[in-house]
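This document starts with one chain, in the form predicted alone, laid out as C-alpha cells.
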C-alpha cells in the first residue's frame, strides 16, 4: 500500500529543536532528527504543551514503568505528554486524519494485543514499555512533546474544535484522567454526591467534570484561592481543611449520610482513611494521587462498610474524547487553570515555575 502523504509535508524540516534528558534533572536543548510516522501513525507539529507533575517526576527520577536497559537518562529521550498539535504528515494507511487537522492527544496507545488493551484498559497494558510489541506512551516510554514535532498513533488523537485555544486544549488530557476516574470506573451518575480532595489540576478538573455529569460536588483543600477556582469550575461546596475538620464538614453538608464517591487527589498520608470516613456504606474511593510514602489503611473499616477502592493511571477507555466533549460543549471553562505561558526555549524556567508553584501556578504551558 502506498504511503498517504499530503503536499504540505514537503515543508517539514529534517531536524528540530527538542529537550532531552541526560541525567536526573539534567534536561538539555538538543537538535534531533524530525521523526517519520510509521503505519497507523501521524507526525504532528506541537502547538502547545502543559507541564504535568508526572513530567517533573520523570525528569527528576526516571520513568514510572522503567524496564532494565531502557533508562531515560541517555541524552535522547524527550519527555512531555499533555499537548495540542497540528497534523504535519501521515503514515501508511492513515485516512482518519488530514494534514492541517488540529488535535489533542491521549498519552497511551497501548500494544493493542494484550487482554487489557482489548478491554480498553490500555493505560494498564500488559506489555507496558515493550515497544517491540507495539506499546507506546508518549512522554513515558517513547518520545514526548517538549519538541517541535512528535509522532502519535492515530488511536491517541482527537480533533479539537477551532474555537478552543491551544492553551485550553492542553488541558483536555487532564479532563480525560478525571473522566476515567468518574464515569467508567467510578460509575458516577447525575444526582450523586462526590468529594474531591486536593484542588490541584486533576482535582480541579475532577470537580468540573463531576459537576458537568450532574453530581453535587464538594471540594476540599488548604488554599482559599484554589478552592475559589474550584467553585468557579462548578463545585457546589468548598471546605478549607485548615479551618474545619473535613469529615465533620461532610457530615454537615450531607446531613450525616456521607457521599457516593471520593476522588482523592491530595496524596496526603491519611487521605485514604479520611476518604473512607466520608463515604456512605457501599461507596467508592478513587485514588488519583501518589503518596510519597507507604501508608497504613484501616482495612477493617473498609470491609465492614463494603467500600470499593480503586486506582487510576491516566485516561483509559477513550476518556479524553469524553472530557473534550464536555469542554467543547462549554459545560465549564478550564482556561483559568492556565497560570503561565513560556516559549519552548525557556523550558527550564517553565519547569521551575511549575515545580516551585511560583505565583501559585496550577498549569504552566510551553509553546514552541
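What you see is a predicted model, and the numbers here were worked out from it, not measured in a lab. Numbering follows the first chain given and starts at 1.
There is another form of the same protein, the form predicted in complex with a further copy of the same chain; it is not shown, and what comes next is about it.
Heavy atoms within 4.5 Å of a further copy of the same chain in the model of the complex map, among the stretches 185-193, 143-151, 75-83, 243-251, onto 185-193 alone. Although the partner is absent here, residue 266 is not a contact residue: none of its heavy atoms lies within 4.5 angstroms of a further copy of the same chain in the model of the complex. a further copy of the same chain is not shown here, and in the model of the complex it never comes within 4.5 Å of any heavy atom of residue 343. Contact check for residue 238: no non-hydrogen atom falls within 4.5 Å of a further copy of the same chain in the model of the complex. Contact check for residue 304: a heavy atom falls within 4.5 Å of a further copy of the same chain in the model of the complex. Checked against a further copy of the same chain in the model of the complex, the residues 160, 90, 212, 218 give one hit for a heavy atom within 4.5 Å, which is 212.
Checked against a further copy of the same chain in the model of the complex, the candidates 34, 30, 338, 63 yield a single residue with a heavy atom inside 4.5 Å, and that residue is 63.
Using a 4.5 Å heavy atom cutoff, 126, 273 and 291 all lie near a further copy of the same chain in the model of the complex. Compared with the form shown here, the Cα atoms of residue 184 and residue 286 move at least 3 Å closer together in the model of the complex.
Compared with the form shown here, the Cα atoms of residue 308 and residue 188 sit 3 Å or more farther apart in the model of the complex.
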